[in-house]
Structures are given as structure tokens and as C-alpha cells.
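Starting off, we have a lone chain in the form predicted alone, written out as C-alpha cells.
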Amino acid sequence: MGGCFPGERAVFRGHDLHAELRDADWLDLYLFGICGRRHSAAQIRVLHAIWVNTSYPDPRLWNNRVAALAGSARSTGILAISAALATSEAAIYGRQIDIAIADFLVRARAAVKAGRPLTEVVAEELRVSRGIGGYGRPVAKSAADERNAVVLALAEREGLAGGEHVKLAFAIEEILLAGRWRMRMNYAALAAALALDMGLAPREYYLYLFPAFLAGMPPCYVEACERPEQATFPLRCQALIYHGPARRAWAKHAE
């Protein structure tokens, strides 16, 4: 993949980092490291937008909460953000959903090309997995995902919204909305479809998304650090439901 030669040069996938790649956009370089290929300016703009529009600095979100609580405990910033990024791999809301929907879109496209009806493919996935990642959103079941329209509009302006995986993602949404599931497409499905149409494989897409929540984490850490120590998400004792021994008085034993 490359090598570091102190005092001389650094090699990144066969290219001199400080000569051939020194003016590269950071995301372009990051993807080059993952995929081994460069992406167009239009593709980079859309992939940047996928990151930007999911950067929520809300400490109530599961991974941001880790960063905030670490700040409240006066941990270091890097430990706080690293721990928050680690929890971003959650199976319900995080990176595991992203790779699952990317994998399903690839399998569904192959099945349809082989002649299977999409309704049958969707029904089988629901039967086996009891759901499809990227569809349905527990925090806002009936509302459209607020990020989709923004990123889709940019993809349309860049000429990147008409790919096979994007069309497939919307066709799956139609099937789910027409059936008893009533699930809208959320951001995970749209982002995966756009990336797949740019040529990213599911694992490449998963690695690309690793820092997607990152920009929203430092504000949560900083805010918690600016408050008194341990003042983030405090709970009154009365708010705790406790079943166990009653409060005990500690008698001083005679010496």
C-alpha cells in the first residue's frame, strides 16, 4: 500500500504523497486509500455532502452522548471522540446498517437482473431478516428523512442521481409503502445507493462512512467541558427506581 521514508518521501499506493498527491482533497485521498482509484470532482462533492448532512451536534444521539459524557468526566478529547466513533458501529442506527443495506442492494440488483421480481426479493428479505436496513426510522416513523431531499438535489445537479442502485432503492420504497410494512426510505439507503452507483463495493462504502458522524462529536465534547464536571445528563436521585435494601444508618462502632 505504501511506506514512509523519513527525511526522503512518503509513498501512498504507489504515488509520492508530497509530490503527486499533495494537492488532493482529503476525502479524495481517503477514498483512494480505500478503493485504489480516484473519483471525479462531482462524485467527491456528493460524497462530501453525505458526510456533511449527517453531522448532528446533538448530545442526545447515542454516539454523541459518549463524547459528551467523556467531556463531562474530563477525559481527553481524542479518547472521547474515539469512543464515540467506536459506538457508531451500532447495529440499529450505525455502520452495521450501512453495510447491510449496501449488501442488500447489490444482491437485489443481481436477483432482478437474473429475472426475479423485485417484490419477491423484498418479501424474502423481510421474511429472513424481519426488516430491511435503510427503510423505516424509529425516531420519525411517518416523516420523510430530512437529509434525503438535500443530498438527492445535489446528486441531481451533479448528474449522479439516475443510477441503477438509486432507482432500485426508490422501487423498494414503493413496495414497502404499498405493503403492510409502511416503511419510508431513510438516509442509509439513499447514501448507499449513491455510493454503489459510483462504483464503491459494500465494504468500501462501509469504510468511507467511518467518519460520517465525526463533525457533530467535538461540539458535544466541548460543550460538556464548558459545563461543571459531571453536569451533563444529570439525574435526580428521585428519578431512579430502586429495589433493594432500604437506606441504612451507619452506627459508629466502639473501639
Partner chain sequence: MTAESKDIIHSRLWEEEAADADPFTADACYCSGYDVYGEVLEHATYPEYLYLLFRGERPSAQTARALEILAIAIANPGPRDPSVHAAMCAGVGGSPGAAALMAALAAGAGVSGGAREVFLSMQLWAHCADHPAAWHEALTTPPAAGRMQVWPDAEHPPGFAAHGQHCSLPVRQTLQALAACCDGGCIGWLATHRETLELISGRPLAMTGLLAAALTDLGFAPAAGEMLTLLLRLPGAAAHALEQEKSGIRHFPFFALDITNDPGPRAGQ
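Residue numbers count along the first chain shown, from 1. On a predicted model such as this, the values are computed, not experimentally measured, just so you know.
What comes next is about the form predicted in complex with the partner chain, which does not appear here.
Student: Which among 184-192, 216-224, 41-49, 198-206 is in contact with the partner chain in the predicted complex, heavy atoms within 4.5 angstroms?
Tutor: Stretch with heavy atoms near the partner: 198-206.
Student: I'd like to check something about residue 137: if you look in the predicted complex, is any of its heavy atoms closer than or equal to 4.5 Å to a heavy atom of the partner chain?
Tutor: No, no contact at 4.5 Å.
Student: Taking 4.5 angstroms as the cut-off for heavy atoms, does residue 114 touch the partner chain in the predicted complex?
Tutor: No.
Student: For residue 83, is any heavy atom within 4.5 Å of the partner chain in the predicted complex, or not?
Tutor: It does: once the partner chain is placed as it appears in the predicted complex, residue 83 has a heavy atom within 4.5 Å of it.
Student: Please tell me whether any heavy atom belonging to residue 107 falls inside 4.5 Å of a heavy atom of the partner chain, as the geometry stands in the predicted complex.
Tutor: Contact with the partner chain, yes.
Student: Sequence order please: the residues of 226-244 with a heavy atom within 4.5 Å of the partner chain in the predicted complex.
Tutor: 234, 235, 236, 237, 239, 240, 241, 242, 243, 244 sit within 4.5 Å of the partner.
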